[in-house]
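Next comes just one chain, in structure tokens: the form predicted on its own.
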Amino acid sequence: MTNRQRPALIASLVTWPLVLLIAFPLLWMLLTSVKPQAELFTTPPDFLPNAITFEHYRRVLEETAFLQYFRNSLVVAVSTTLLVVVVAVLGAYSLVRFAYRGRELLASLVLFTYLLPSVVLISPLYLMLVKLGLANTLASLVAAYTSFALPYALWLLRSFMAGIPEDLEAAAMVDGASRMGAFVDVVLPQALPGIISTALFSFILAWNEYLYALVLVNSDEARPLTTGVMTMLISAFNIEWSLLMAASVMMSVPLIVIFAFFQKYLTSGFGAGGVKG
């Protein structure tokens, strides 16, 4: 073994056990979801199922309100993502390109808002949404998720756009483009990895969030997946483990698909935003 190969071998010996340790609960969840009911509580437990069944998936889809909760989560996550991306792109461009009084103070306040624990904002945000008549609605979740996804998105895109040379916009405007035309044709393509990273971050946050959904929404019609699944499958006397595992697998599929297709944009966007800040 050469000196160049030794560090790679050591890194692999350290990394792979950690990867397996992290992935084991996900693998156990998947295998449990396809085990027959009789095999769930065998002693000692069987890692691999003796027979594979998709009965638990059928029951979740046909006998519960899973599809309604899935639709609610999708509406909330997509709406939050679109709102955060639009506001963050325009806000970050303003903080980087325009000179006005209080610009740096505003940027600092944005960062300070992100540093606040989200649990601190639950009570005032709930009272505000009640006064606005938005309690127990999907709009309340969109407003809540936007409130703590937007500061990070603004800070990330601000750092990213600061690395885009102003000369590119100036050249476009010299050629006859307007400020908005230069923004659309020059800045947005350059900032695309950061925008995609921001969109993924916002979508994942809105899809997985539990605490705000538990506090802000009490009606079954507006519950997202995170609280809806817990409500329908867990009671004080019984936990439907097979159905819970099947529902958890289906909840994870959209995030796995999104991450698989956009992983390179996520890593490049976060890396570029951190380096150029």
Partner chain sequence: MAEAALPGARLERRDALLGLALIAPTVLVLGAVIVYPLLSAIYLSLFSLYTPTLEGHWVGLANYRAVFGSGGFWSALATTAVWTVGTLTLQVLFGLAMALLLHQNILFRSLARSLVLFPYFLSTVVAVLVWRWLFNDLYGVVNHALMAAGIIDAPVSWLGTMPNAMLSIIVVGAWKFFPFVVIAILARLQTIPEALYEAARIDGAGPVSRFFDITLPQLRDVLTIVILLRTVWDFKEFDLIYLMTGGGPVNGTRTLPLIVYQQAFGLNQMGLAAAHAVAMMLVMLVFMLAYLRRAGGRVA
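Residue numbers count along the first chain shown, from 1. We call the rigid core whatever largest set of C-alpha positions still superposes within 1.5 Å between the two forms. Being a predicted model, the structure only gives us computed values, none of them experimental.
A second form of this protein, the form predicted in complex with the partner chain, is not displayed here; the remarks below concern that form.
Although the partner is absent here, L121 sits close enough that one of its heavy atoms falls within 4.5 Å of the partner chain in the model of the complex. The partner chain in the model of the complex comes within 4.5 Å of no heavy atom belonging to A222. Contact annotation for P45: at least one heavy atom lies within 4.5 Å of the partner chain in the model of the complex.
For P117, a non-hydrogen atom is located within 4.5 Å of the partner chain in the model of the complex, even though that partner is not displayed. Interface residue among A107, A135, V75, I196 relative to the partner chain in the model of the complex, by the heavy atom within 4.5 Å criterion: A107. Taking a 4.5 Å heavy atom cutoff to the partner chain in the model of the complex, the contacting residues in 60-99 are V87, L90, G91, Y93, S94, L95, R97, F98, A99. Once the rigid core is overlaid between this form and the one not shown, W16 counts among the residues whose Cα shifts by 2 Å or more.
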